[in-house]
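In the form predicted alone, a lone chain appears below as structure tokens.
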């Protein structure tokens, strides 16, 4: 993809206010993309837009667990930019410890609504525009969606994201749209209450997203699993 093509393309990022989403916004802006940024936190989005520049970034607050809110968000982005070329369905939430024995069930509901339905809603509301652009869909999966984690409902939701990605790729075969699953290991983000010094950094995952987006049109990156290097043995 040429630099001039990148400068014209619009990437919509959900969960953009912090962590992987915000890091990807910065990396994509550096690569020349125009950005539509969405999350629930208006203040954080506004600060990120001010950092990146209003000629480069546009914020639309949205609760991804509500289909109608995503429809309005997409309509607003298209009205602003006239197009959506790529979407990074990145918004996600975690749950409390306890496994199936004692984890709060309200946390399960939140994970389904955001991690599964939120992703599905993002795809449903953007695909018309992405197909028109012969663009790109990127999903934040997880190593937890490839390996069994004991009693983890979060892991179950990420297995669902993997299935969504595989199914979407088959549905879009021949359309020119590429579908990429980004599957990170543990990432040191506000997702966790305590710092994770041996984990990946959000920038590490952001580089993977931009790598997939910037490949030539004939290169289709299906999956990228990105894990932290194990710490040195004593």
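This structure is a prediction, so every number in the text was calculated from the model and none was measured. Numbering follows the first chain given and starts at 1.
Unshown form predicted in complex with a small molecule; subsequent notes refer to it.
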_How about residue 160 - does it come within 4.5 Å of the small molecule in the predicted bound form, if we only consider non-hydrogen atoms?_
no
Taking the small molecule as it sits in the predicted bound form, is residue 135 near enough to touch it, meaning that at least one heavy atom pair lies within 4.5 angstroms? no
Wondering, does residue 201 line up within 4.5 Å of the small molecule in the predicted bound form on heavy atoms? no
Q.
Can you work out whether residue 18 and the small molecule are in contact in the predicted bound form, taking contact to mean some heavy atom pair no more than 4.5 Å apart?
A. yes
Has each of 40, 63 and 154 got a heavy atom lying within 4.5 angstroms of the small molecule in the predicted bound form? yes
Heavy atom within 4.5 Å of the small molecule in the predicted bound form, from candidates 93, 127, 112, 164, belongs to 93
The one option of 143, 78, 123, 103 with any heavy atom within 4.5 Å of the small molecule in the predicted bound form is 143
Among 47-55, 181-189, 29-37, 166-174, the stretch whose residues bring a heavy atom within 4.5 Å of the small molecule in the predicted bound form is 181-189
